[in-house]
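Consider the single chain below, provided in structure tokens and representing the form predicted alone.
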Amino acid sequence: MPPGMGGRSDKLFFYALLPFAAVTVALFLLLFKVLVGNSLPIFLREGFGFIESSVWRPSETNPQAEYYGMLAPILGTFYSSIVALLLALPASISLTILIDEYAPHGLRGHLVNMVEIMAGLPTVLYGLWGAYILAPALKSHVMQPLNTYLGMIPLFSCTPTTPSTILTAGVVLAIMVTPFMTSIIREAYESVPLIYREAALSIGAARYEYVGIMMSIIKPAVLASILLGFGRAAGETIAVSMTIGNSFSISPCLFKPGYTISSLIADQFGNAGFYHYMTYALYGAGFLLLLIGLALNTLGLYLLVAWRRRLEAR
């Protein structure tokens, strides 16, 4: 029994909440069981080759000729998510500082509402905008100039033949995760006790020095926002599927199309029933994505909780 729950009403309220918590845990365990059970055949058949290979070879007539490798989608997931975080982190920190330190009081609420609205928009809207507006603009004004003038750098070495690339998906993901990361950083920024703010101002710190002190205090929360943002970006499906190009390719160049685990599942699941092992392979992909998301989110939440406890203990 949690502390401070000696009254009858408190106990009844506690027991009334237990079924909802139990349903949540049961659903997660059921999801885990379904993914493990349905992905087990592909792991038993291919072993580590399922993770180490980038071959995706379906066959309708000969099941023994089928082979499915997830290396390209795994690398594509990490590559596009890293691009997104490199763009989203500076934007999230800047938004936090702008809203909490520089924006007039009357404008601050509107900015916060705008960030929350962006976080709640359907992802397919980002996908449509990214595919038909952002992608052609990036190809003409970013990819081609970078390839022309900085083509000696591996990141920009390939000629952009299509607007749907790793870079396009990364930019769309950055726009999508920025509101999420901003909310985490802002919550931590506003949780810093007043005594620290007063101490920084009392020593005559300039505005930028004061902001630097505040950001140094919330470094663990910023790191947690990176991990949680990465997990969010890695699990995005529709917007990425519409902008990444959906191609099995492994290249350091940002201007190549690719796959993520989520976009692979969305793109291939409709045809998986025509093949013997593809459904198992897609369940295996989902299981890998679950493990990645579970690890990143658990570590991120642990850092947030640990930082809050240290802050409260001071």
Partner chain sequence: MRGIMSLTVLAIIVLAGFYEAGVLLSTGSEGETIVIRGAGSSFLQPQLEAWIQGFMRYDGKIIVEYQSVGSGAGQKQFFQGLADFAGSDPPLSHDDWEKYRGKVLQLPVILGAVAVVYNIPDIPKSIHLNLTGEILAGIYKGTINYWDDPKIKSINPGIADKLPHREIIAVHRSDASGTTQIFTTFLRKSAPSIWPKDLVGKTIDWPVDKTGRGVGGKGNPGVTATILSTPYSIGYVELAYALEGNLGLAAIRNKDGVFVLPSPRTIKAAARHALESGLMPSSPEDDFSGELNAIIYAGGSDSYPITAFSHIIIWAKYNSEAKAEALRLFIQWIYTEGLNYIVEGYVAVPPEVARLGLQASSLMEG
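Every value quoted in this text rests on a predicted model; they were computed, and no experiment measured them. If you superpose the two forms and keep the largest set of C-alpha atoms that fall within 1.5 Å, you have the rigid core. Numbering follows the first chain given and starts at 1.
Only in words, not in the display: the form predicted in complex with the partner chain, which the text now covers.
Participant: Mind checking whether each of F28, E190 and N297 has a heavy atom within 4.5 Å of the partner chain in the predicted complex?
Facilitator: Result no, not one residue of the spot touches the partner chain.
Participant: To test your reading of this chain, name the stretch in 28 to 36, 284 to 292, 265 to 273, 41 to 49 whose heavy atoms come within 4.5 Å of the partner chain in the predicted complex.
Facilitator: The contacting stretch is 265 to 273.
Participant: Quick one: from T161, S94, N113, S202, grab the residue that has a heavy atom within 4.5 Å of the partner chain in the predicted complex.
Facilitator: The residue from T161, S94, N113, S202 that makes the contact is T161.
Participant: Any chance A16 has a heavy atom within 4.5 Å of the partner chain in the predicted complex?
Facilitator: A16: contacts the partner chain in the predicted complex.
Participant: Considering only heavy atoms, tell me if L12 and the partner chain come within 4.5 Å of each other in the predicted complex.
Facilitator: Contact with the partner chain, yes.
Participant: Consider P252 of the chain shown here, and say whether it contacts the partner chain in the predicted complex, taking contact as heavy atoms within 4.5 Å.
Facilitator: P252: no contact with the partner chain in the predicted complex.
Participant: Y277 versus the partner chain, in the predicted complex: is there a non-hydrogen atom within 4.5 Å?
Facilitator: No, Y277 sits far enough from the partner chain in the predicted complex that none of its heavy atoms falls within 4.5 Å.
Participant: From first to last in sequence, which residues of 239 to 263 have any non-hydrogen atom within 4.5 angstroms of the partner chain in the predicted complex?
Facilitator: If the 4.5 Å heavy-atom criterion is applied to the partner chain in the predicted complex, 239 to 263 yields S241, G245, N246, S247, F248, S249, K256, P257, Y259.
Participant: Would the C-alpha of A16 be classed as shifted by 2 Å or more between this form and the one not shown after rigid-core alignment?
Facilitator: The answer is yes, as the C-alpha of A16 shifts between this form and the one not shown by 2 Å or more after core alignment.
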